[in-house]
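First, one chain by itself: the form predicted on its own, in structure tokens.
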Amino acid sequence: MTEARSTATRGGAIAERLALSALDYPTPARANRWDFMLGALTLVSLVVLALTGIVLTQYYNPAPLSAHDSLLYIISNSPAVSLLRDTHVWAASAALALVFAHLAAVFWRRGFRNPREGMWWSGVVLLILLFGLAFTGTALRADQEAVEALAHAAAGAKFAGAAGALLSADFTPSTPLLSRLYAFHVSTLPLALIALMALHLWLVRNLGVSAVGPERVRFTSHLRLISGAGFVLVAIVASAALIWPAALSAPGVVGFEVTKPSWPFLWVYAAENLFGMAGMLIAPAVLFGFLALVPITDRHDGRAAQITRVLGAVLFVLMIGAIIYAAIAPGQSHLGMDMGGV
């Protein structure tokens, strides 16, 4: 009995010094539903990405002539690190899917309305940053898909003019493009992500979630549910990494187009199939432009709000349809490169 009391006292002292009582505030009971946990599960995925990424940086060589060999070394000689790489890839897919689902759920329940416009916009920018991390992560493999991704990005950057200067190989001739993308992947984009997440969590804490209803529960009970769901998510990601290891094709050969992008970019690939290089740039501009305007066009009930809701549903269906179409359609050459029978 004395030992149990001592343990409880120590636990209370730790909680006091870490100000854990700040987490014990009331929150709507409806927030315990799964659709209000998608944002927290996104954060869990990002933590997995950060932890596995820290290990991978110790093994990866960002020099253009050594990048692919360093990944081959990981796969061939270090099974534990190879598993972490696979987990990193699957956690990236989970983060993208979860943040998109989170935005879709918030859109559906109109959780972006006053005073939560900033929460919505920070979520949109978070999605953009995750796409940036997914692209740079693809490029770092230095395999055939990576070479083709870089070729498309360089062509798009040239098409965009000054707006695409950062993806130009001539932007800093002293440093290879791959090395600059590595810097973006491990420093610039993660730092921006951390700052954005801090802002988003601050707004959530002070403005509250968009759940409604008179019944209240303590946030600590919500946190316990999130923790359990987070453990399940980590188990799923780890299991997927064990069952379906991340692919690594042969070193990339410039001038050939024999792959399709990973699933998060298939909708862009579909737009490029249909509308050429302009489609590759216009499709993301339409999606993110629409998401940015949502809190403005759907501020109050009315015709503009109804149109916004319909357009959102149409864009969602078109995006899913484009992903499916691109996945099953024959490969196409977009930059005048030879096709290898995709």
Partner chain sequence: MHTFRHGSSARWMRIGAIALIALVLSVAVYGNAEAHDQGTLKLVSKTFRAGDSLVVLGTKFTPDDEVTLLLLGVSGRITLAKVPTDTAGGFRRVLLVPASVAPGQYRLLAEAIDGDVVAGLDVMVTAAAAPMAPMAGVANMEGMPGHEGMATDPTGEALSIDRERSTAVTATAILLIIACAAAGAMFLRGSHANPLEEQS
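Positions refer to the first chain, counted from 1. What you see is a predicted model; the values in this text were computed from it and never measured.
Another form exists, predicted together with the partner chain; not displayed. Remarks below refer to it.
Candidate site formed by N61, L65 and V217: every one of these residues places a non-hydrogen atom within 4.5 angstroms of the partner chain in the model of the complex. Here the chain stands by itself, but in the model of the complex one stretch of 131 to 139, 175 to 183, 192 to 200, 114 to 122, 175 to 183, has heavy atoms within 4.5 Å of the partner chain. With the partner omitted from this view, the residue of F159, W108, Y73, W263 that lies near the partner chain in the model of the complex is Y73 [heavy atom within 4.5 Å]. Among residues of the shown chain, S82 is one whose heavy atoms approach the partner chain to within 4.5 Å in the model of the complex. Although the partner is absent from this view, Q144 contacts the partner chain in the model of the complex, with a non-hydrogen atom inside 4.5 angstroms. None of the heavy atoms of A165 is located within 4.5 Å of the partner chain in the model of the complex.
Taking the partner from the other structure, the partner chain in the model of the complex has no heavy atom within 4.5 Å of any heavy atom of R205. Contact residues in stretch 223 to 252 (any heavy atom within 4.5 Å of the partner chain, taken in the model of the complex) are R224, L225, S227, G228, A229, F231, V232, V234, A235, A238, S239, L242, P245, A246, A247, L248, S249, A250, P251.
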